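To begin, one chain is listed below as structure tokens, in the form predicted on its own.
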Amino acid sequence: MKKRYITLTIYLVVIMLPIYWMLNMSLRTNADIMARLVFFPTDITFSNYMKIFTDPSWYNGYINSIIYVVMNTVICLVTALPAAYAFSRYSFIGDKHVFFWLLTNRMSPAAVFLLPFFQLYSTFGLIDTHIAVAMAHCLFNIPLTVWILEGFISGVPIEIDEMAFIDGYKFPRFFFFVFVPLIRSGIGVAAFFCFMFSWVELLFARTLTTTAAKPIAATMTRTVSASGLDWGLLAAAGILTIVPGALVIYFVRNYLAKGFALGRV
């Protein structure tokens, strides 16, 4: 028992050390960071965080990221739910091939699709808009969402559908008020993965935006100046970037556990 706790402690220290070190740097000035190596900061300052919260070019990056992440998650769930239901409940010509083709899109590198997206969005005037990044991320998130939801939907007995129709339910009423609550765990898991991919993705977000919709990940790259990197500011931005992901993980942790149990995560 004691050996297990020691191993767990070592594991947690190794995992948490980079996050702690980033927090350490975020509470110090750049000059202090460059001058000495300290494990516990003595001259703590919140100036890096204050700059992020008061400079529009910084906090707008977080707002832009949240906007297109939410848009992407909503679009993915709205389109993937009926698709996953169809793959699970009906058989049609080429259904297995279409399902496989959807998954191959998720396996392709993002850089492969960058040039077509850039040319199309330039033609339609969508460059530097939130919907451009959200739609680009849909190419990867919708197949994954369909795959996750199809597994959860297949876990619901088809007799529930039949009983609802016998009781006089129309399909829209059955789907939204009976079926969707039954697979809310899967919806939570799918929303989590859509959020995480869209939140951390940089290639599309940086290429398809310039100023108005620039995300925080692209904003962080501008801390490089003639005097070098602003380590404290960059670390503070990194800490604030972790917070939304940690909150999402906290709220969907039970759904993730169920997804692992069903083998679709």
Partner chain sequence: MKKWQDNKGWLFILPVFLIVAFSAIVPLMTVVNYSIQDIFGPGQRVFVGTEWFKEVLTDQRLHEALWRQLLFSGLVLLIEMPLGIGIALLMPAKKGFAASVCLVTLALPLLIPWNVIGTIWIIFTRPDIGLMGATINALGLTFDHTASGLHAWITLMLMEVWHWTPLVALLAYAGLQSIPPAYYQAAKIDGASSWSIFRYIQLPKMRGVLTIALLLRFMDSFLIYAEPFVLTGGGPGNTTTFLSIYLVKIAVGQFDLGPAGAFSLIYFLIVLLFCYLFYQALLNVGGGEES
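Positions refer to the first chain, counted from 1. Given the structure is predicted, the values throughout are model-derived calculations rather than measurements.
In what follows, reference is made to the form predicted in complex with its partner chain, a form of this protein that is not presented.
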{"item": "Contact test in the predicted bound form: residue 185 vs its partner chain, heavy atoms, 4.5 Å", "value": "no"}
{"item": "Residue contact check: residue 178 to its partner chain in the predicted bound form, 4.5 Å heavy atom", "value": "no"}
{"item": "Contact test in the predicted bound form: residue 203 vs its partner chain, heavy atoms, 4.5 Å", "value": "yes"}
{"item": "Residue 169, heavy atom within 4.5 angstroms of its partner chain in the predicted bound form", "value": "no"}
{"item": "Partner contacts in the predicted bound form for 75-95 (non-hydrogen atom within 4.5 angstroms of its partner chain)", "value": "75, 79, 80, 82, 83, 85, 86, 87, 88, 89, 90, 91, 92, 93"}
